[in-house]
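Just the one chain here, the form predicted alone, laid out as structure tokens.
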Amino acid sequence: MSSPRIVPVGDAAILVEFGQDIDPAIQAQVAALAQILEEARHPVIREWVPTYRSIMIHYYPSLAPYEGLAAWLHDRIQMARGQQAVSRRRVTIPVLYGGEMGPDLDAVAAHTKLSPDEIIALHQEPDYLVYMLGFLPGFPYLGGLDPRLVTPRLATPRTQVPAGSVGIADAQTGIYPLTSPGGWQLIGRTPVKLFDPEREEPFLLAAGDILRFRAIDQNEYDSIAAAVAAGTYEFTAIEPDYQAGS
């Protein structure tokens, strides 16, 4: 892994780059530094935004010069690089595949030359790493899609994709947390809310989580959706038992 770079961005932000690739080892270093920043709560830092391979750190330039904060960050980067493997939450997302919920399942089948049942089985098999959240509040970019499922985006994006839709775009899969336009190939839908501003923690997922999909039928989908609407559904993440880098 190459040495991290600390780069000024304008007069109120610093970018820390850990590499150029989408790689679990790089994401583990991003997660380690994010954890250190969370624990330190440096008064000069306003917020930080982790991505696949970097962290953008926004700060108050009136409270500290760039050089001083960059030196502080350099020390924390060394701490992150020497940190033990990062614990991950393991979460399971229920999905109703195909039909109205997954209108592009047949198109993905035609492109991949697999049957819809094979696509559903292969989509459930991996442990996906949540590399980052973006595009929409709580939208998880997941790494680990089986190469046999790689399918290009729609030639013409939809103007409205329902919240909870599970899609494939090239070598990635993800979940739309809100109704929005989008061009991913939709293969299913989850009744679980990934983003809810009324919750104490609005985001269901976080960068670094390990996610698996679980196929459900219409009855279970309706039952979960009713519980979510009533505010009685309890999403329970499995306690950390996966170590990044292990």
Partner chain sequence: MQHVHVITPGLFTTVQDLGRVGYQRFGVPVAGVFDTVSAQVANWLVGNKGDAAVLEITFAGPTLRTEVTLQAAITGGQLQATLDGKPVPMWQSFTWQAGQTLAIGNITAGARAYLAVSGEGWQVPVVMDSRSTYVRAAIGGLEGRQLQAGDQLPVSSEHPPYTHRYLPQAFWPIVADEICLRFVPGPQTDHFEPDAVEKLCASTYTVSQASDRMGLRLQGPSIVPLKPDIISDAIALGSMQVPRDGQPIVMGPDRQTTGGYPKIGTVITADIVRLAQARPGTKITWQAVTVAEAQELAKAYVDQLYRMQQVINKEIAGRSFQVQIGDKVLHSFVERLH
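None of these values were measured; they are calculated from a predicted model. Residue numbers count along the first chain shown, from 1.
This protein has a second form, the form predicted together with its partner chain, left out of what is shown; the following refers to that one.
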* **Heavy atom of each of Y97, V166 and G174 within 4.5 Å of its partner chain in the model of the complex** => no
* Within a 4.5 Å heavy atom cut-off, is R212 in contact with its partner chain in the model of the complex? -> no
* Heavy atom of K193 within 4.5 Å of its partner chain in the model of the complex -> no
* Tell me, yes or no, whether A28 is in contact with its partner chain in the model of the complex, where a contact means a heavy atom of each within 4.5 Å. => no
* Any non-hydrogen atom of V9 within 4.5 angstroms of its partner chain in the model of the complex -> yes
* **Sequence-ordered residues of 46 to 73 touching its partner chain in the model of the complex, heavy atom within 4.5 Å** => R46, E47, W48, V49, P50, T51, Y52, R53, S54, M56, H58, Y59, P61, S62, A64, P65, Y66
